[in-house]
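Have a look below at one chain only, the form predicted alone, in structure tokens format.
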């Protein structure tokens, strides 16, 4: 029934293995795929993994750093596998505890683990127990609860309904009768309002005759046209008008309106001060710093003082908890017992269990969701950390909270660090040596900044001496081609053609609107090959992940042209939507591909990173789903605002309270 069962250390040493009868294929391929895709990528929250026709289940033993893996055919439903792998783990630990406690790989290599007889005994017991249970038969009608009900119990009686109706009518009548007994309250209210009116008119303390005399004088003054003396009232506080929004001064927007005055221009449309056009001369505000070489890493300004204060607060909280726990035990055990209890709470004296980590993991899960990590991803991360730490012996003078936090931080750094290095400059040089252009395709939903970040990447590439051809394959959105043409002119003004042998270093390839995007991309790549361009940047139309026709067109563009790099452009503001976007984009590319190994998303461009402060969870969500690295990070609106991802800085901002 089982294809294989293997036990190996986290260092990669196989301690024991079993292979089923009739199985000729080696189990190294599926196990290596499990290690690469699950264990190294911190995705061990779910203990099952599928590889081709095999279904793999695994269990981690964190105390002895072991991994137990069982593999069987996917079409089989073996209900006993979970309990069986637990029994094998406990039996193996108990039998070879002394050998496993010896540290070092050499000790494990020299040890001999004869476990075949015990394994077959446990497997036989598991199979017999599953057969003994068997499928449960359906209950007969006489054994069901419905057969015990009488016909009378299923008939609704009308008497109870009438009683309810009568009771309801009584309540309604009672409610109607209640307001009739309240005329006194109305009179009191009228009396109080009249008293207030007399007080407001300044008649308090006057007799009836004096009030009449006063009213006569007021009437005479009105007839004679004299102004009426108004009673003195307390002056109302003067409300301050709310300040309006201050005008924002943009650094590249200019400081004077005279620059926008074109009334003194001559008939040819040029300024009287000079004959050069706006596109030919570079704007003084566009003098940008050099971006030669690798991009700078995005960083956060987190002072060491704040981190030390947070650590001190955590230590104080731990001390308060320990003192609260030991104060109850002082009368029984004395001073020495209280001190020993406090040290026992800190010193690593036991292995971690799920119950110990549950409250800490709940707080960590809420913290990650508050930092914009998708809720599903946050739960999977916390489950993975729990599996990673369960059974592990705590270090000396460490708390559960600090242990869990450290493990979660290491897991997040591991997720953000790429499985493979994406070095675009090296890849472009390699493509140039083969006399072909390096093709990058940008895709994503609407409004995330694909065209803007394409222009930033173009500036970075031309700063490093490469020629760029921009393919305008967004034939759907109005103004998309004009936007790219504006970027082309500005980039050529920063790098004039006369500095490059009279050839524009950036060119735009466009065929207007309403055309087939895949055909335009193919023509642009052929044109770049003939004209010896180094890089082709393909701009595609924004599309929602649920728009099937546009997703089919994108899959066709990628399948036909086979770009070297497919970048998904997503904004850092997105939360749970990141999961849906990336899963459906990858699914569409896989479904509409014509090859057995379809081209999926190769990397991520994270935009609007300067608008989120420390809510950087979208980076974790996107990387966790695709398993692909974040290649570029957009941090502003100028050509210089392009960075690479610093995994430790992002995780530091994510874990900051």
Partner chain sequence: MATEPGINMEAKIDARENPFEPYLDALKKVLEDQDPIFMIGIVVSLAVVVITVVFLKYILSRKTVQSAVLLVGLCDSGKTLLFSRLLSGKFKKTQTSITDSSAPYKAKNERGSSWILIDLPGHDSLRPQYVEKFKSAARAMVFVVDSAIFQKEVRDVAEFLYFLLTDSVVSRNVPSLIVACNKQDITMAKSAKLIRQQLEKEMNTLRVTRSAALSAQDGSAGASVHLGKKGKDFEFSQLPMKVEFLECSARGSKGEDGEADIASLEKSLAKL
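Positions refer to the first chain, counted from 1. These figures come from a predicted structure and were not determined experimentally.
What comes next is about the form predicted in complex with its partner chain, which does not appear here.
- Although the partner is absent here, residue 591 lies well away from its partner chain in the model of the complex, with no heavy atom inside 4.5 Å.
- In the model of the complex, at least one heavy atom of residue 35 sits within 4.5 Å of its partner chain.
- Although the partner is absent here, residue 78 lies well away from its partner chain in the model of the complex, with no heavy atom inside 4.5 Å.
- When contacts are judged by a 4.5 Å heavy atom cut-off, residue 636 does not count as touching its partner chain in the model of the complex.
- Interface residue among 410, 523, 125, 210, judged by heavy atoms within 4.5 Å of its partner chain in the model of the complex: 410.
- Checking 587, 548, 111, 576 for any heavy atom within 4.5 Å of its partner chain in the model of the complex turns up a single hit: 111.
- Contact annotation: its partner chain lies within 4.5 Å of heavy atoms from the stretch 415 to 423 in the model of the complex, the single such stretch among 528 to 536, 477 to 485, 415 to 423, 80 to 88.
- Residues are counted as partner-facing when one of their heavy atoms sits within 4.5 Å of its partner chain in the model of the complex; in 449 to 481 these are 460, 464, in sequence order.
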